[in-house]
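Only one chain is included here, represented as structure tokens and corresponding to the form predicted on its own.
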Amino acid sequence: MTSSTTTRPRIILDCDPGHDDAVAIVVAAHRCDIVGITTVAGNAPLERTAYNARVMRHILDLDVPVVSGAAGPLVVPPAFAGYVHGESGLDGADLPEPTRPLDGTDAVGFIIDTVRADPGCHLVVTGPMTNIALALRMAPDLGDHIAGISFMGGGTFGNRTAMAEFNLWADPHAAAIVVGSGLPLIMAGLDVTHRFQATPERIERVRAIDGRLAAVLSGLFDFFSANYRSRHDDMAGAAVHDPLAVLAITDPALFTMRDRFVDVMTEGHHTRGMTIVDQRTLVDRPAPNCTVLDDVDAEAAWSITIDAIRAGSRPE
């Protein structure tokens, strides 16, 4: 399910930027060949997540298409995460105005056409899975053309509710389609992402880098981490969730992982979006359908992130 670190995997990054999505874009630009960036409503409304993806493309001077997609979930009403990321989705820094417009508004069609034309790329999903579920519905052959799906979401505990992580809670029906698809899956859930925090010391390593990208990201990290510390009893900084879905493909040696059976609940006040991760040792348990990340070498992962920020930072 994972790629060797000696090659640069080709990916489509489906995201809802979001502070940690922005970092995922930076890491992906450094470690992958990005075939395209598609956006979905999630951390902020679609208009804003698409804009934020364009901002990151502009800062990094990436020559990749950005295509917007689903403005809301398959079934449940839209809900956003301004209480975490601010109303813009990227509060905390002065963002440059992107000069290049969107390359399209049909992310689902873009995903289908791109993977058919360029077989073997990975889908990396760091927001609600609406675009991916719609693509699987429209193109049942999608799995014949991709290397797999690495997604940030889920876990054995929640953050939007006691049992549900935000991305899966935001569109549980889409998540259930993807997780039940039978395709090769990697799950970066809260169990591992909460081990990868933007602590004050790590933020200072970003601030010490010259260039616009580092200046923007240090401001974003300051806002994001202050928010996390104010809202948790035990967090030294923000959980930087989304880059781990990228690093699971590019640098699998950073992680401990197990193949497990995973399912997604779609209903219930407490259980909507909950991931059922079967950790039993019973012989008659269901067959695994997902590689679940359990732990990460956080210092090594942060060093890769620092390298990516340095590579993307041009002097002011």
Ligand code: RIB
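Everything quoted here is computed from the prediction, not taken from an experiment. Throughout, we count residues from 1 along the sequence that is shown.
The same protein has a further form, the form predicted together with this ligand, not shown here; the description that follows concerns it.
Item to check | Interface membership of Asn43, this ligand in the predicted bound form, 4.5 Å heavy atom rule | outcome: Yes, contact at 4.5 Å.
Checklist entry - Looking in the predicted bound form, any heavy atom of Ser218 within 4.5 Å of this ligand? => result So Ser218 does not count as contacting this ligand.
Next on the checklist: Under a 4.5 Å heavy atom criterion, is Met129 part of the interface with this ligand in the predicted bound form?
Outcome noted: Answer no; every heavy atom of Met129 is more than 4.5 Å from this ligand in the predicted bound form.
Checklist entry - Going by a heavy atom distance of 4.5 Å, is Ala175 a contact of this ligand in the predicted bound form? => result No, Ala175 is distant from the partner.
Checklist entry - in the predicted bound form, which of the stretches 108-116, 177-185, 164-172, 71-79 has residues with heavy atoms within 4.5 Å of this ligand? => result Answer to the contact question: 164-172.
Checklist entry - Since the partner is left out here, which residues of 239-265 would have a heavy atom within 4.5 Å of this ligand in the predicted bound form? => result Residues within 4.5 Å: His241, Asp242.
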